[in-house]
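Below you will find one chain, with nothing else, as structure tokens; this is the form predicted alone, and questions on how it binds or moves follow later.
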């Protein structure tokens, strides 16, 4: 099994802004890897470096043994990318969009035609194959872009915030597609939707101000958290005396208690006896992210 490896990747732009700061990690190139972080955390910069679009200021990176700088041409034959700013060309149809990409990658016309139709069918948008992109919904346009990279048969697919701007239904439809793709491709996914990473990613990395502050499976990230359970109370609910817990209150007035297993059990029994409405769950990625990155993020998410 191959690996994607970063060793001390740093990127400083001409305006002296440090987008990445000594980022190092290694993951197997199978399944889905999710990279999360606030806007400006460095996600796009890292994905551009790994997809051979941008040179780092220092450090090295390789994918399946191929160096992203010295062996970029060989690596590009194995990868495909949908950048964050990518848009389906208005005056082309989905079929034309996919075929043009495949022809650019060196496929013959007959093969490009066949692969384009197969890819559009796999994403369940083959009924739109000959309709102009400008007439399609936002979700369908996004699926057209995903179809271009899946049709290429690339082993490794980079997707930079692929569901940004989609409605909840379209987003979940695309999640189903990505889950299927992740069964036989490696998908490197960046997102600021924490639920998206939680639902899709086999491994998750957290970027904060250019630094990789945590990486692992969701279970590993939960295990590294000080608290394992989250209890949520409605507005104006009275909070009892607590042991080894942390309490936060949202702008809507809801109270969240982060605590360990023993205290969670005690509180659940207490609230039940008092008739207090509450919910209790294992900590989510949102909770973990909040405790790693800080209070300011939670406040921004609720704004």
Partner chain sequence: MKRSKLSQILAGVLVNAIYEMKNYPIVLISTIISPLSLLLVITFVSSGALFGTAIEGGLIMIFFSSGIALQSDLSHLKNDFKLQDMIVSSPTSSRLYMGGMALAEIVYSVPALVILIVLAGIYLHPSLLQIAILSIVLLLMFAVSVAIGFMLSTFSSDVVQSYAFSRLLSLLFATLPPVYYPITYVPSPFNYLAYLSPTTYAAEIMHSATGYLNISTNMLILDWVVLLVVCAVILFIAIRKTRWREV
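Residue numbers count along the first chain shown, from 1. These numbers were taken from a predicted model, which means no experiment stands behind them.
Quick note: we don't show the form predicted together with its partner chain, though the next part is all about it.
Highlighted residues 68, 79 and 88: every one comes within 4.5 Å of its partner chain in the model of the complex, counting any heavy atom. Stretch 141 to 149 is the answer when you ask which of 165 to 173, 194 to 202, 229 to 237, 141 to 149 has residues with heavy atoms within 4.5 Å of its partner chain in the model of the complex. For the chain shown alone, residue 108 is a contact residue for its partner chain in the model of the complex, at least one non-hydrogen atom being within 4.5 angstroms.
Although the partner is absent from this view, residue 225 stays clear of its partner chain in the model of the complex, with no non-hydrogen atom inside 4.5 angstroms. Taking the partner from the other structure, its partner chain in the model of the complex has no heavy atom within 4.5 Å of any heavy atom of residue 127.
Contact annotation: residue 43 falls outside 4.5 Å of its partner chain in the model of the complex, judged by heavy atom distances. The listed set 29, 62, 51, 259 contains one residue whose heavy atoms approach its partner chain in the model of the complex to within 4.5 Å, identified as 51.
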